[in-house]
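Structure 1 and structure 2, given next as structure tokens, are two forms of the same protein chain, each shown alone.
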Structure 1
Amino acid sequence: MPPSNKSHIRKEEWERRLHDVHISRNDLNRLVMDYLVIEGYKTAAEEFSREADLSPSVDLESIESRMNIREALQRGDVAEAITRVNDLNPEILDMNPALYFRLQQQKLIEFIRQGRIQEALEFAQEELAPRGEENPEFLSELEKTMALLAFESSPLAPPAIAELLSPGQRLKTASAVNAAILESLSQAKEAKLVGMLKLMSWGASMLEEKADFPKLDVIEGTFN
């Protein structure tokens, strides 16, 4: 397709058009608040709430709980995480067998990581095996985790199994729990700002096919 058919939008024209779009201060504030809340910056959210005279869309205590849970999981303290999730909302784990299994699997992984093999074996037998019986779809994950036991953090473990010991696994578990909590509070799992960025990026690529225009460098915050 001949590139010369694209129209050219000059910088001044672009800036004028941007200027003509009216966005209220309130909308901007709400976007910021939304970001702070979802990402879990409780103190910042409190400050911002005072300065912008904007009440937060959610109970800020719940943000703190979510952050505590995330931190507990990143430390490998699964029991603490489970206790906090149940304090926040006792329905979540009862209604979500997959998530509960995930947490118990993480617990087993932590036992293995700490070299507490005997406890790991007992835990696997008493707690995880019944999960596998109740829901056969968990069996393959269970087998993977048991295989980890067999390798006992030996370097010979295949990557899929060794991966279970990586910090990435803890992060995955933490994200899954965070998402479940947000969902139970009917909150969005993603900050609106992120969604808007995606939308803008998509719009820009659409426009790119038809016109040359000043592109926004998101990181620098300037126009090319």
Structure 2
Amino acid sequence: MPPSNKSHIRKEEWERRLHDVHISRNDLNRLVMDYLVIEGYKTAAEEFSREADLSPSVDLESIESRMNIREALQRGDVAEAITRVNDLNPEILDMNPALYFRLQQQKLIEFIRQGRIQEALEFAQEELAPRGEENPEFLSELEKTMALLAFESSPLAPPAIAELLSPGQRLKTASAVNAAILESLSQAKEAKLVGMLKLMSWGASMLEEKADFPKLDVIEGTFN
């Protein structure tokens, strides 16, 4: 095996380089505040605002509206979520047919979850089928959802079908709605801290092609 051309960076050297990078306390505080606001931690954002003497970029009361919508979706109450979104800004769903379809799809999933099969069939035929005829992507999603009726709670259901009944499906729908609301408020859809972690991961993968260096365990906050 030919010798590696990669350079090697020792842990001590890597940590020294990191310590040489100056990041102001104010920048760190703004990153934390941005994360709390985007993810909807109103109480934490209020407390952090006082502790850090930092004014949030948005009215913190708007966070509560987003979180009420998220909570409604996470407990399966799609009708309440739609009502709250329309109360907040009716243009969000009017201007985003894909998001509205996703909410209606989630409503269909909840009917099936509750065993309300006749209502599920009628809802799919009246509300979703016409939209599926207009959009092949919608039709594919509708067919996948209706496949739940064939498999019910069978362990033989394909993962792509079974996951529709998982808590993660509700979370995905809630996240999509949250992102749309943030966009309507001219806010970023994703916390800057999350974007920075993605960028860091990409940078590490690029560097790994040329050098061996200590890898950061994000969960533990340590290098290995």
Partner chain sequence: MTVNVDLSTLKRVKNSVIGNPTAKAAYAKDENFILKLVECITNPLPYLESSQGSQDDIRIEAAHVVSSLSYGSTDALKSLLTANAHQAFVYAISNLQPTDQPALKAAFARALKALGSALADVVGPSQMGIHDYPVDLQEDARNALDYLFEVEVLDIYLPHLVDSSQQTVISIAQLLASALRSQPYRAAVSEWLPQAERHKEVKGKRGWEKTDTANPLARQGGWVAKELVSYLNKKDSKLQEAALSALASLAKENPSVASKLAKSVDQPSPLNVILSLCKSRLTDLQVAACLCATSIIRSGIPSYVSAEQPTAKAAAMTVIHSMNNLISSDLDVRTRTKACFVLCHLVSDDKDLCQLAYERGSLNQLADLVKSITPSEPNVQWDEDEPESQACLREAAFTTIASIALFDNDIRCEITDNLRLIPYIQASLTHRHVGVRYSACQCARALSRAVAVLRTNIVDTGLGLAVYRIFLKEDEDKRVTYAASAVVCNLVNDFSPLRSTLLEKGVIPRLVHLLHSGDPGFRLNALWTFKNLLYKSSTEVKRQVMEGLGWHELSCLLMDSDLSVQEQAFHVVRHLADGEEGIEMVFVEMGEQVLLGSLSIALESENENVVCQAVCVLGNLANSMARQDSILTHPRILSALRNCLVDAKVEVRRPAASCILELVRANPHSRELYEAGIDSTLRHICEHSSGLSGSPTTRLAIGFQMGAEDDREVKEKCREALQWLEHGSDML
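Here the structure is a predicted model, which is why all the values come from computation and not from measurement. Numbering runs along the sequence of structure 1, starting at 1.
J.: Only one of the two shown forms is the form predicted alone, so please name it by number.
T.: That would be structure 2.
J.: Are Ala179 and Thr145 part of one rigid piece when the chain shifts between the two structures?
T.: Yes, both C-alpha atoms fit the same part's superposition better.
J.: Quick one: report the rotation angle of the small rigid part relative to the large one between the two structures, in degrees.
T.: Domain rotation angle between the two structures: 18 degrees.
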